[in-house]
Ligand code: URA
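Okay, here we've got a single chain as structure tokens, the form predicted alone, with questions on binding and movement later.
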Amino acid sequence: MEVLNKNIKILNHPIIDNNLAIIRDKNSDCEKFKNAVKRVTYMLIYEAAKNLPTIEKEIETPLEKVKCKVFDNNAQIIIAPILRAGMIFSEVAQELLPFANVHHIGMYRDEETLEPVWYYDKRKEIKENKEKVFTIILDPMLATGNSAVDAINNFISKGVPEKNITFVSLISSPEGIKKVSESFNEIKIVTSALDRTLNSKGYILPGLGDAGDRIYNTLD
């Protein structure tokens, strides 16, 4: 794992490397692409979940009693996929964190301004004790960082502490990392690749193309 600073982690692993090669390959069909993304997503969610609170609980095995660590059921865990591409992350996150609330964020990027345009914000009411609220925002691509900043601000405006928010991406650009890092002091970022740069249209290079189109087989 490469740690750019205490809040930014880039996961390095042969399984990730092998699947990123499949994901980046323009000749990978939809099925190969989605399966490779899901395999990497397990590792990303494992890392992102390290920030979630645990408590001790006594259980009884067939032989004796033992104290185990379990997730704190007094905490509210929110999984927040950015539609539509973030949904593929959500499937894995819900499998690993089945007790979490799912908060769908709908936004698309204006192709001229590269700014996010909101169209959906569906959520369960956030608990009054905001210190016990933890949010994992999911988006395969951290490109310009504009959508990420808007999504993060959406939860901060509702009282969720910065330190309790983790942004998970498959591939990130230096520009996106910089935008989020300069906008917030305590946001955590977990990603599996830091690519070279953005092109004039705001796509990550070398990247993987349009994640949503490749996931849902809507390429022209």
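Bear in mind that the values here come from a model prediction, so they are computed numbers and not experimental data. So that there is no doubt, residue numbering starts at 1 and follows the sequence shown.
Another form, the form predicted in complex with the named molecule, is not on view; read the next lines as being about it.
- Using a 4.5 angstroms limit between non-hydrogen atoms, residue 23 is distant from the named molecule in the predicted bound form.
- Shown alone here, residue 211 lies within 4.5 Å of the named molecule in the predicted bound form, counting heavy atoms only.
- Interface residue remark: residue 136 is not counted as part of the site for the named molecule in the predicted bound form, having no heavy atom within 4.5 Å.
- The closest non-hydrogen atom of residue 141 lies within 4.5 Å of the named molecule in the predicted bound form.
- Shown without its partner, the chain has 202, 203, 204 in segment 177-204 as residues with a non-hydrogen atom within 4.5 angstroms of the named molecule in the predicted bound form.
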